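The data below hold one chain only, encoded as structure tokens and taken in the form predicted on its own.
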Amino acid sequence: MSFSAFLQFLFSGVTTGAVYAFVALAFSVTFTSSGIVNFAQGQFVMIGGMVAASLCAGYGIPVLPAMLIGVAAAAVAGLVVGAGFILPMLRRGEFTLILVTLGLSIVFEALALIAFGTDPLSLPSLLDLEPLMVHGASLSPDSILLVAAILAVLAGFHVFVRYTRWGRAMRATSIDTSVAASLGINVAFTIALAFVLSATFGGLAGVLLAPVISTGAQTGLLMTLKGFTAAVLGGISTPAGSVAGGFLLGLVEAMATGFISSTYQNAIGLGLLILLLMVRPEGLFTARTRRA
């Protein structure tokens, strides 16, 4: 493999990893605030991308407003999931809630197929700039924007959790909902807020991905699997670890494609997840806790 080809696979891995990092961060948000693993998470990526692309292609709405509407649509979907389905069934147990999110994922995909059809859609580039050339490998401005966006979102979320009232409420709720409620925290609102935030992150990933790779109504399931793998890989209980896991998974898949074959790309990623669950289930970037 030539050096330029290696760089091209590296850039591809970083770009894909940024998308996985968005979804992994969203998994971490809902898990650390409520203990819920939301297996409808990838559908927010699909909703954001498909709404934005369909508005731009079908109605001639400029790219930036279409993106903003796509992110807003994903946030609304997150509110529906959190407030409409999770909160009323919060006391039913984690297994029931996982089944609920899986069912909602299927519903979202079916509705998207009805609304948008089966054809993939894409968005024009948000940045009218030439690709950056590095030793014969090209890096698109949209890829750079995608990577910068996830780093900015991670930093902003860290500030939100650490220094704002509702961020601290989310941290308290993640420890013990009963104690948080006794301290005057609105647990229901906090959990709903976590789902809205996670859906917003997913929608943002979707609209930023659409100019790079075409998106379709069936994108959500793949994003759920990849995002969950990345979150577990880095440590779903730590937002920064989840983001790191996303980049690591993207790089592993890209290098597997370059050095082995694209046929085994998904198998290698899922195999890595199984191996990690056996050896280090807390994730690579989460500190081990001693057992009494």
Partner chain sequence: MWLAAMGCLVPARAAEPIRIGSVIDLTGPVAPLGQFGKRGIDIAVAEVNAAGGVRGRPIELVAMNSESKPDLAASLALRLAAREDVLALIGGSFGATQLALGSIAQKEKIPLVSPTGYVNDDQRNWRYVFFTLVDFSDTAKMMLAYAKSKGFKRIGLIRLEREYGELGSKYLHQFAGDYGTEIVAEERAGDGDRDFTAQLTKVREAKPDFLVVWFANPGGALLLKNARQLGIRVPMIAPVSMDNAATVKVGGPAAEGLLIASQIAGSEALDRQKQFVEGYRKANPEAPNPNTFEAIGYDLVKIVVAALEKTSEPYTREKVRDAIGTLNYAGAGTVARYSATKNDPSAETIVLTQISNGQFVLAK
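Note that the structure is predicted; figures quoted are calculated from it, not measured. Residue numbers count along the first chain shown, from 1. Rigid core (definition): largest C-alpha set, two forms, superposition within 1.5 Å.
Although not depicted, the form predicted together with the partner chain is the subject of the following passage.
Contact with the partner chain in the predicted bound form, defined as a heavy atom within 4.5 Å, is made by all three of Phe9, Thr16 and Thr263. Comparing 135-143, 190-198, 170-178, 154-162 against the partner chain in the predicted bound form, the single stretch with non-hydrogen atoms within 4.5 angstroms of it is 135-143. Contact check for Pro211: a non-hydrogen atom falls within 4.5 Å of the partner chain in the predicted bound form. The partner chain is not shown here, and in the predicted bound form it never comes within 4.5 Å of any heavy atom of Ser54.
The partner chain in the predicted bound form comes within 4.5 Å of a heavy atom belonging to Ala254. Proximity of Leu90 to the partner chain in the predicted bound form falls outside the 4.5 Å heavy atom cutoff.
A single residue from the set Leu113, Val76, Leu127, Leu183 has any heavy atom within 4.5 angstroms of the partner chain in the predicted bound form; that residue is Leu113.
Interface residues of 111-130, taken as those with a heavy atom within 4.5 Å of the partner chain in the predicted bound form (partner not displayed): Leu113, Thr118, Asp119, Pro120, Leu121, Ser122, in sequence order. For Thr32, a C-alpha deviation below 2 angstroms is recorded between the shown form and the other one after rigid-core alignment. Core-superposed comparison between the shown form and the other one: the Cα of Thr257 travels 2 Å or more. In the core-superposed comparison between the shown form and the other one, the C-alpha atom of Ala57 has shifted by less than 2 angstroms.
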